[in-house]
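Heads up, the chain below is alone and in the form predicted alone; it's given as C-alpha cells.
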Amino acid sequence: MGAVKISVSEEKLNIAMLSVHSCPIGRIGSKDTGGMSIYIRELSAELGKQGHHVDVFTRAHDPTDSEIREVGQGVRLIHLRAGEVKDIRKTMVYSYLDDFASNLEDFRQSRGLSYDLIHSHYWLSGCVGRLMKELWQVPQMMMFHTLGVVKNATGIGEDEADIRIERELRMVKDCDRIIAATERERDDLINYYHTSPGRVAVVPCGVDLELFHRIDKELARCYLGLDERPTILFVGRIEALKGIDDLLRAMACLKDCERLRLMVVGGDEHSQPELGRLRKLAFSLDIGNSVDFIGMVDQQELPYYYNAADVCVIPSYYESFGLVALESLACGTPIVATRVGIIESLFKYHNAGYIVDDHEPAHLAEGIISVLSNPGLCAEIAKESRAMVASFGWMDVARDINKQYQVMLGCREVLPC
C-alpha cells in the first residue's frame, strides 16, 4: 500500500538538533570535526533564516565555552555537561549519554521550552534522541553521516564496536524518518540495515558557494608561495579510510614524479603518528621531496588550495557524501575519485574528471595522468563546474530538509507497508 498524502502546513518549527560528540563550531579538520559539523552549522543557519528556531545541543568540551551561544538568526548552540568538560575520545562519549539526556531535559524544563521535532546526527546523538522522542512525544529524524556496518565492510582500519551496530539497527526501526545524503547511502540502509524504503529520503549535503569559488590559478599559487609544478591535491582527515597510502603509491607510479607536487591537506595533533608513518612511506617510495604534508588549513584558506591545484584526488574507501568533491568543483578544479558517496551521481550528468573503479595505485595514477595531460578537459571543467554544483547550495538543502520535516510531522504512521 502506498503512503497516504497528508496536507501539512508549513509552520515555523522549534527544532532540537543533536550533535552530541562533535561541536559544530569546532575547528574543521580536527579530530571528530569534519563534514558533519559543517552540515549542522550550515543547515541550522539556513533553517534559522527561514524562520524556524533551532537549538543545537552538543557536549561541553571546553571550560571557556559559554553554555548558550547565539550562532545565527534563530539558532543557538547549547553546551551540556556529560562527563568531564574536556575533549575525550568519541568512543568514550557513549558512557555519558544518559547524563547528556538528563541535562538536556533539565535545560528544557528550566526554560519552559518545547520542541516540535528532534533532528539527530550520528548514532550517538540518535541514542539520546530516542530517549527524548519517548519523553517529549515528538518525532525524531535521523541522519547517520556514516554507517558502522558499511565501514566494517571495507575491511580498512579498526572495526566499529558491536554496540554501535546494535544501536544503529535499533534506530532505523525506531526513528520516524531517515535522511540519506546519497542514493548509495539509501541503498546501504536498505541492504545492510533492512530499512523500509519509504522511511528514507535522499537529500544531498551542500557546499558554501560563496566561499568556494574560482580564483585565478597564478594568484592562488602566488598566495601559497608555490612554483609552477603541476599540483595534485588531497583534502581530508588523516585516516586509513581516506586511502592516502594508495595515493602515495600512485604518485610513485607517475613518470617523472619529481616534476610534480602532491599537497596533503589535513591532520591535527591527534594525527601526528599517522602523518609520521605517511612521511616515512613517501620517502621509502622515493617521492618524499614531491609530497608536502600541509596539516590543518582554515576553511577560509581552503579555496586557495583548490584553485592552486590542477587536480584534486579523492581515493577514499568510504565516504557518506564526499564534500571535498563539491568544494573542488565549485573552485573549478577537476577531481579523480573512487566510487564513493556522491561521486557517481556527479559523473552521471557531467564530466568532472575521472572515476577510478578500484583502489589500485596504478589505476589512480592513470586517472591523474588522464586529467593532467588533457588541458582541454581541465578548461571545460573549469568553465562548467559551477553549473555542476549550483543545486547544492545550503538554501536548497534546508528547503528540502524542511519538506521532510513537514512529511514526518504529517504522516508518521502512514509510510508504505
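Just so we're clear, the structure is a prediction, and the values are computed from it rather than from any experiment. Numbers for residues come from their place in the sequence shown, where the first is 1.
Separately, the form predicted together with ligand UDP exists; it is not shown, and the next lines address it.
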item	value
Residue 129: touches ligand UDP in the predicted complex, heavy atom cutoff 4.5 angstroms	no
4.5 angstroms heavy atom contact with ligand UDP in the predicted complex for residue 193	no
Distance check, residue 334 to ligand UDP in the predicted complex, heavy atom within 4.5 Å	no
4.5 Å heavy atom contact, residue 251 to ligand UDP in the predicted complex	no
Contact residue in the predicted complex, chosen from 297, 169, 85, 163 - any heavy atom within 4.5 Å of ligand UDP	297
Proximity to ligand UDP in the predicted complex, single hit among 235, 282, 311, 175 (heavy atom within 4.5 Å)	235
All of 315, 329 and 367 within 4.5 Å of ligand UDP in the predicted complex, heavy atom check	no
Candidate stretches 135 to 143, 300 to 308, 181 to 189, 67 to 75 - the one whose heavy atoms come within 4.5 Å of ligand UDP in the predicted complex	300 to 308
Residues within stretch 34 to 69 having a non-hydrogen atom within 4.5 Å of ligand UDP in the predicted complex	34, 35, 36, 38
